[in-house]
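Here's a solo chain for you in structure tokens, the form predicted alone.
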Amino acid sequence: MKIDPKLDTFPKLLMNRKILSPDRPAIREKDLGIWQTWNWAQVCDEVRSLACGLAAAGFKRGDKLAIVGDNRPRLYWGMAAAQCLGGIPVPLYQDSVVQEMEYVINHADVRFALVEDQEQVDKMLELSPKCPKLEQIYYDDPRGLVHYTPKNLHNYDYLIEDGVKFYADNPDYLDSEIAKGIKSDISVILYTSGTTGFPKGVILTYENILSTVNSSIEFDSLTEKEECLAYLPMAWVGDHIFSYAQSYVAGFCVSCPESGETVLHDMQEIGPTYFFSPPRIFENLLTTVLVRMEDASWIKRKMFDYFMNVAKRCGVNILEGRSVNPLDRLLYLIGKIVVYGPLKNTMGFSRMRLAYTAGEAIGPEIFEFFRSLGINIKQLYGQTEASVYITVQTDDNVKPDTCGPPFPGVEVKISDAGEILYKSPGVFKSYYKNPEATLSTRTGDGWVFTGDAGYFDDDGHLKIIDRVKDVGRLNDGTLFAPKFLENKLKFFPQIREAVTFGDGRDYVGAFINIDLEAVGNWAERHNVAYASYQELAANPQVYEMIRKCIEKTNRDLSADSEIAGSQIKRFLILHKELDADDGELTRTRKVRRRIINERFTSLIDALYSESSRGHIENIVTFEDGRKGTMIADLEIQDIATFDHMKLAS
């Protein structure tokens, strides 16, 4: 697909879509159980009215529009409307607490906000007194807001009404503003998750985004016939690229689920052809499948096990076009009819042509499970600062433990310290109002320091080890890569989160968060009663289950001479889930190690003592915003480790 170079902004692409494919579906939303669809002509008209409404309210070139909420057509249109006027959308994580939103809104100098519903309106009204530049708040869903009276709070329909009037009086205004936009203009500001401190505003220009989007569309042969599901946070660069930018360029349809809880069900109804997900979604899907099979009849379990063994033996070879003996090919065809087809239909993958996973490492077994079913799932490595793409796997060379070779147009190198650096047309312009961070992240000749440690294997595929700052050494000199260890632990469906310790210590210790859904299902099947997460986490049978998972991890680690010494020797199961609201995780579920070290000092000390128990008292935030104190005495267990040489022999 060749893109007209004159279409160098999203507003220009949108207006062109009305000419190229006015009747093709552009976006869908499921509301009250019914799918509603807008074609490109309707989207174009809606964005025009919305942009004119913002203009009537005083929105001007360079202004910022905060976007807050779940994936909703009107919020995506708000981004386009702001860009039409030369403004800059600033999407925020919808589950952010007030203090987090307050920082971003003040830092980005936001004047206008478009939010989804009452929950987000309440946050905006609470932070408004501390955000003097925030002038107007508009909302999409009016439920619960009938009696709200602030003068700066308005319904979305209010904007549209004003926009229609403004357009009637100024018919040439919007086209004139759109024409002023050029490729070097700022397209969006996306804030990082703030793993180590305050989040940074990543400035991406139209040229940054469109250069990588055009390459990605050509790389994966994306067309206007794709169907994509938009369910990841709008503030995350992945959603911005896959659900917004690629859609406007390729012209495919994006569907917004009814809610976060209905994503999997809605995906079954839509049957996307193009899908992006962090590993956790694929892990949850596999866990759901295995749990359901536990409850299936004996004959169904036998049939499932038999044909999954067939798929494991030859499914990946069939997907990648390699030779397979006729009997296996016939068995696979039968399995496709009786097992693989119904299974993919249950997951919503019947029409899946391409799927990507990124953000964390995915378990090789999980990765190969989906590929063996004929689903072309691949891995990529990217960053907000790169407009996503740094390395990506090709269709004909997919490996479960790498992120693939460099993406077309991207240069990647490894520093002497083992840090990954890259250079590409998608490299961000700068961090907003943070020149010091920009200079420390991007060199004068365009190389970007990722902060990740990794290396290229013999096939030129990139392997990620950990964050450079987190890589350390045990006292005996053994390499300690906590994220690498944690990802291996999280391959088990029973483990939702893990935090490991070991730098400057004699051995590795670990905190474990169980996965409440997976372990809860196990408890129900085995008649294990529990009243809370805390009670289930302390159950001796659960400890035994997690101990076996860690021992399996230790066996795997022992096979690698470089990291055999970093096997986990002691662990405990935390009494609470690590939570972004408590500051222990970022909004993208990355561990904030400094916070963990500060808040769980007593438990860390207990891990490195001879004690079999650890005591903890910590403050937690409940769902309604109240704070309280949790007190617990947690069991600490030792884990078997394995000698590298003995295992190898």
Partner chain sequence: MFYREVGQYKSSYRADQAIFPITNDRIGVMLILIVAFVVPPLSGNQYIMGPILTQLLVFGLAALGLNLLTGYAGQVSLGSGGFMAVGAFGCYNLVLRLPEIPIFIDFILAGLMAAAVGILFGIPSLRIKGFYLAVATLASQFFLLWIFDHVGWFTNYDPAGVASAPTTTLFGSLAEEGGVLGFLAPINVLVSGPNATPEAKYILTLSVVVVLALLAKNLVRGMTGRAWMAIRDFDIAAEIIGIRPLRTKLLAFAISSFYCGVAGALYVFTYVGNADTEAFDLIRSFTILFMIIIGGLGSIMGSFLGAAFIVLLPPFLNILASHFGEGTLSGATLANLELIIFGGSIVFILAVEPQGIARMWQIAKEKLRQWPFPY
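Numbering follows the first chain given and starts at 1. Quantities reported herein were computed from a predicted structural model and do not represent experimental measurements.
We do not show the form predicted together with the partner chain, though everything after this point is about it.
Checked against the partner chain in the model of the complex, the residues 160, 474, 545, 270 give one hit for a heavy atom within 4.5 Å, which is 270. For the candidate set 602, 37, 42, 586, a heavy atom within 4.5 Å of the partner chain in the model of the complex is found for exactly one residue, namely 37.
Annotation: in the model of the complex, residues 452, 606 and 616 none come within 4.5 Å of the partner chain through any heavy atom. Proximity of residue 405 to the partner chain in the model of the complex falls outside the 4.5 Å heavy atom cutoff. The partner chain is not drawn, but in the model of the complex it has a heavy atom within 4.5 Å of residue 342.
The closest non-hydrogen atom of residue 295 lies within 4.5 Å of the partner chain in the model of the complex. Among residues of the shown chain, residue 231 is not one whose heavy atoms approach the partner chain to within 4.5 Å in the model of the complex.
Of the stretches 45-53, 590-598, 24-32, 61-69, only 24-32 has residues with a heavy atom within 4.5 Å of the partner chain in the model of the complex. In the model of the complex, the partner chain lies within 4.5 angstroms of at least one heavy atom of each of the following residues of 330-352: 336, 337, 338, 341, 342, 343, 344, 345, 346, 348, 349, 350, 351, in sequence order.
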